[in-house]
Structures are given as structure tokens and as C-alpha cells.
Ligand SMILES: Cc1ncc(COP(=O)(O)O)c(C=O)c1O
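Heads up, the chain below is alone and in the form predicted alone; it's given as C-alpha cells.
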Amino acid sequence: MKVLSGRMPCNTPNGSWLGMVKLTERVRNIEYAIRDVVVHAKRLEKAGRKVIYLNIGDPVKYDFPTPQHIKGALIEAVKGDFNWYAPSEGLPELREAVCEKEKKYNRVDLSPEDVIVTHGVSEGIQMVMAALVEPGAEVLVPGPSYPPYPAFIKFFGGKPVAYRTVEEAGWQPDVEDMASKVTAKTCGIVVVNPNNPCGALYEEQTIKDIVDLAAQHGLPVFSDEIYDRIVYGRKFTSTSAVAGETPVIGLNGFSKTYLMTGWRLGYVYIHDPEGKLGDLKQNIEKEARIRLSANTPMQKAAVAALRGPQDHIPEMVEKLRARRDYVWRRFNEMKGLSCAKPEGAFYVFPKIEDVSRWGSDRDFALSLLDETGVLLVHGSGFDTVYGFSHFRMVFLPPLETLEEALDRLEKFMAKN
């Protein structure tokens, strides 16, 4: 069907034309580099090529199965007829379990009324930005950043403003740069810790400095902490634990730590000791109502995840630590690449020393895919300035798969 000038032909059942349907620019301009690159990989596979996918952070795709007690809880929930609509804000039992978890592991005091269960963190981001971002508003985001943050900010007419993170310091945020970018239009600061795409684990003093900056300007902090228990060095510090009276909107979920990626379950919480965000919370609750509820049996299973055995977490972290150490060493031994050491999550974000040989980091990634079958994500897909000349790779696969992929990459770098 031919589309002219951004419009799609529309007709009635009897075939008469009503006119043209105008397509929205907010959807036309959506980009999500992590999955957009898959289109190129599928083209190779259709031609009979083998592709090693190192683009998506899905541990369950590799050798990290969902724990048996969580799967069992889902089955029992379905068998027990917990198949009705849940309350829009989430099952009371799950909201209580979230509070227990945040208190025990992150030193955050919450009440169940502060928690809203979502279809993964992605829906939480969408709800928060929809409730806060007016056309023309600005939100500070890390540079580089997890793509849904700038995407949803733009979707609602806002402007994402990237603040620098310092590669030489393990991708810690540059709070001075952040402060220089606060304007009268700024309506919040996004923190992703541990960080995607860089694998940084933020220092407690850095988080305190960000909170102080937010308090100085009367801004809330949006703190994405979905990798909070996947850390390799110093202890994780939750933003809310050091925020004092500064309001924090926390975003977390079950995909990564509890190996429930395809289940799509997360939560938003409002840490707001002085009640400054009451209207925001009410508006997010309204959004929860119009989409009815999150999946009920999966919420029952999430309770089992939070309150049941946690043994899989240290086992997972130790497996990932070995893989992190291996890929970090290999990258820093390769011609033309360098890499900061990740301290959390399961991503590396190496620098391409002379990316101009390929034209751009995107061209580098596509050339690598075409020549070797290794699929990475170009760094500019996470920020065109701070991500440029880098790429993101997951270190989730077993060592033998990582070795094969990095051997191919090493030959590619030597050849080019």
C-alpha cells in the first residue's frame, strides 16, 4: 500500500474512501537501538549465516533459568484460579513484599501505598514521564542512557538533556556538568544505577551530591535500580536511602535479579517523606487504572520471588563475575579497543579508538555483523555525543560463546 506525505489511505467496508489518516511524528521518530539492530541480524540469518546475539540483556536466554520456586508459584497461582483482574495498583501482598525487600536490601522505608506494580520497568518509565513531562519540559538523563528514558521524554513532548558520565572514572556521573544543565524548564533528574549501558556502580558520595543538587532546585530524582543486586565490587547504595527529604521515584522490577524477563513485571515507588509528590502519585495511579492491572498470576509468583529462597542470586553474580573479568581483559588486550571495568549489571561499553576508519560506531557495528556474525549495539544508540565511538555488549553467554565472539572480534580489529 503506497503512503503519501505521511498519510495512510483509509476506506470503509464498502470500499469508499474517507480520506487520509495522518501518522503521528511522536511514533514515527521512535528509536530503540538495542532491538533495531536485530533487523540486520535476521537478514544474515535468512542468508544462512550464524549470528551470535550479544545485544539484549536477557539472562534467561542463556544459562540463567528462572528459579524453580518462582515457576512453581506461577503454576499454582493459575491452578488456584488467581486469574482475575488484580487491583490497578497491584496485589496488596506484592506491594507489601516490595516494601520488605526495599527495607532489607536497600535501606528504604516504604508503605504499600507508595508502590505501584507495572508491566516491567518500561511501563513504569512511561507512566512517570506521562505524568510529569509537559511539552517543552527538560529531563536530565545520563549520557549515555538506557534508550526508553529519552524516547518517552520525547514521546510526551519533552527534551532529554544528557549529562556527562566520566569513562576514565568508571562512568561515574559528572555532577558539575549535571548542575550546569539545570534550567527553569528542568523537571527531574534520571539516575540509572547500576548503569545500563556502561555497567557503572555509582559511589555513595556521587549519589548524595546528585540528591543535594536536586534538593537545591526542587527537583525529583528518578532512580532506576533494576540491577541493584547484580554488583561485583562495593555495596550498592539506593538513591532513596540517602535522599533524606528529597523526593525520589524509584523504578525496579523482576526481570534481571529474579530472571523473569519475559514475564514483564516491575514496580514504581514514591519515596516522599514530606508529601511533595502527592499529585504525581495520584496521576500515576490514574494511569494504572486506565490500563486495568498487571498480570495477576505473575504477581503471585513475584511474591514468591521476593519472599522465597534467594540462593540463585549469589550464584548468578559469581558466574557473571567470571565472564565480566574475561571480556574486560580481552577487550583491553585487543588492538584499537579499550574498556572501563563494569562494577554492576552485565554490560560492557568499550571504546573504539579510531572509529573514523568505519565512519561511525553504527557503521562499525554493522561491518562487524556482516563480516563476523557478531551482533553488538552501537554506542550512539545510547547517546549521540557521550555514546559515540563505543559499543555495548552483554557478557551473559557461557565463556565458550564469549570466547568465540571475541576471537571473531579480535580478528576483525586486526584486519581493519
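Numbering starts at 1 and follows the sequence shown. What you see is a predicted model, and the numbers here were worked out from it, not measured in a lab.
Omitted here: the form predicted in complex with the named molecule. The next part is about that form.
- No residue of the trio R321, R324 and P397 has any heavy atom within 4.5 Å of the named molecule in the predicted complex.
- Though the named molecule is absent from this view, in the predicted complex it lies within 4.5 Å of a heavy atom of just one residue from S122, N283, Q172, N106, which is S122.
- Just one of N196, S223, T246, Q299 comes within 4.5 Å of the named molecule in the predicted complex, counting any heavy atom, and that one is N196.
- In summary, the region of this chain contacting the named molecule in the predicted complex, judged by heavy atoms within 4.5 Å and restricted to 256-264, 286-294, 313-321, 132-140, corresponds to 256-264.
- With a 4.5 Å cutoff on heavy atoms, I207 does not count as touching the named molecule in the predicted complex; it lies far away.
- When the named molecule is considered in the predicted complex, Y227 lines it closely, a heavy atom lying within 4.5 Å.
- Contact check for Y202: no non-hydrogen atom falls within 4.5 Å of the named molecule in the predicted complex.
- Heavy atoms of Y146 reach within 4.5 Å of the named molecule in the predicted complex, making it an interface residue.
- Taking the named molecule as positioned in the predicted complex, the only residue of 320-349 that brings a heavy atom within 4.5 Å of it is Y347.
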